[in-house]
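Read the single chain below, which is given as structure tokens and is the form predicted on its own.
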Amino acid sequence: MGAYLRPRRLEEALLALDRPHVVLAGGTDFYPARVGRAIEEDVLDIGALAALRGISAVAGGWRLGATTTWSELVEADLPPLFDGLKQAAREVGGRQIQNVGTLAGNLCNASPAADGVPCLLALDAEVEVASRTGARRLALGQFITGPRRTALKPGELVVALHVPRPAHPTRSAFLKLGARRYLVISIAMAAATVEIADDRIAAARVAVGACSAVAQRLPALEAALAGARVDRSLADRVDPAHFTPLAPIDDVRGSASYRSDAVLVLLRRLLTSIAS
């Protein structure tokens, strides 16, 4: 069996990463992947690092600690900007998973169907990573580089997510399609954040997950929504031509063509919800 470390200071954790470790946060992906076999890797358990937990308002926006759980996010007192992310949080597994699964764990697992990613893309979130030599921040769209792949370098650890404060009052929403209501991997999902000024959209950010190797923003749709009046006609602005960044596949959950049709419906419902 490999070594097990559970430091209480961030500096200790970063020192441990001088040699390879599997980082353990909530463990909701770690343990199921190792059922029936010995744990041979060296494990770094970051669950005791208080510096990585909690949500706080900071200059220019909000800081979401890496090991903040989905249940903690749902219960946090946050503005409507975060409504979509909270809706996604309620879809991450069951209550037991939400109580221990972490925001950064969902990102670092880098599944194409990770429920939190489209919402965080629509929030224009940045990922803060730290190492013994310093810290850096990068856009979420640059952090996840492919299925099960991220831009983390050896010795780096995700410590927080940063969400900027929008310039205008903002609404957000999330919708997910699965084979059943709960405890299901997405067939397709969509998230949107819209800033509103004078009853019109001042800025829009829309992202789709489970329909490409990584979740994708839809810049053409975002441009089509800019300046639109916030009413039920928003849904009519969605066009399949906006889906160029997507690359849905055929798998056991659905065909590529079904996913494309589903995304169209999800986005129209999503914008109708935001408009109402």
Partner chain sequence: MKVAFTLNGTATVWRGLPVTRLAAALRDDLGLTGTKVGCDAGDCGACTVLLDDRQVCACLVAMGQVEGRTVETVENLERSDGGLARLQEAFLAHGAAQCGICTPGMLMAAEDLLRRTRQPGRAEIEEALGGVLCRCTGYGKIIEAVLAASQQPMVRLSPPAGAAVGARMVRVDGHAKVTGRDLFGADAVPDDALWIRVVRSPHARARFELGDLGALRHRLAAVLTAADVPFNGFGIYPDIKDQPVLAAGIVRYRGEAVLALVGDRATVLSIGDDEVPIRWTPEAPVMGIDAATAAGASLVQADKPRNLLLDGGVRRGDVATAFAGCAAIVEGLFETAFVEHAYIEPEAGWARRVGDRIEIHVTTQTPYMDRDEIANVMRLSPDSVRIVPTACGGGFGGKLDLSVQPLVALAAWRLKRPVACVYTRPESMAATTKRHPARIAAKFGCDAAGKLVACDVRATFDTGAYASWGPTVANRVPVHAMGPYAVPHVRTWGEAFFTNGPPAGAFRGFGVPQAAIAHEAMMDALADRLDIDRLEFRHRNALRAGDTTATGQVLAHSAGLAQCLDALRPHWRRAHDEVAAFNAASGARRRGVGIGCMWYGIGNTSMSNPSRIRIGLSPSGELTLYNGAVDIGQGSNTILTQIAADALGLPAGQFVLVAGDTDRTADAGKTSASRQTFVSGKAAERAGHDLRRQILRLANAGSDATLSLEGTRITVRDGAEVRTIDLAATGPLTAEGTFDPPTTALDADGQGVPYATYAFAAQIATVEVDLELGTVKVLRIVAAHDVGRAINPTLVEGQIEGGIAQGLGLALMEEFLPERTENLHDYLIPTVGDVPEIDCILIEDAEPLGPSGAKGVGEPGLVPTAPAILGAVHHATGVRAMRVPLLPHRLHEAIVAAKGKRA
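Positions refer to the first chain, counted from 1. This is a predicted model, so every value here is computed, not measured.
The protein also exists as the form predicted together with the partner chain; that form is not presented, and the subsequent description refers to it.
- The chain is drawn here without the partner chain; in the model of the complex, the stretch among 122 to 130, 77 to 85, 103 to 111, 185 to 193 whose residues come within 4.5 Å of it by any heavy atom is 185 to 193.
- Just one of Arg137, Arg95, Arg165, Arg149 comes within 4.5 Å of the partner chain in the model of the complex, counting any heavy atom, and that one is Arg95.
- The shortest heavy atom separation between Ser212 and the partner chain in the model of the complex exceeds 4.5 Å.
- At the 4.5 Å threshold, heavy atoms of Ala226 stay clear of the partner chain in the model of the complex, well away from it.
- The shortest heavy atom separation between Thr68 and the partner chain in the model of the complex exceeds 4.5 Å.
- In the model of the complex, the partner chain lies farther than 4.5 Å from every heavy atom of Asp236.
- Contacts between 22 to 45 and the partner chain, taken as any heavy atom within 4.5 Å in the model of the complex, involve Leu24, Ala25, Gly26, Gly27, Thr28, Phe30, Tyr31, Pro32, Arg34, Val35, Gly36, Arg37, Ala38, Ile39, Glu40, Val43, Asp45.
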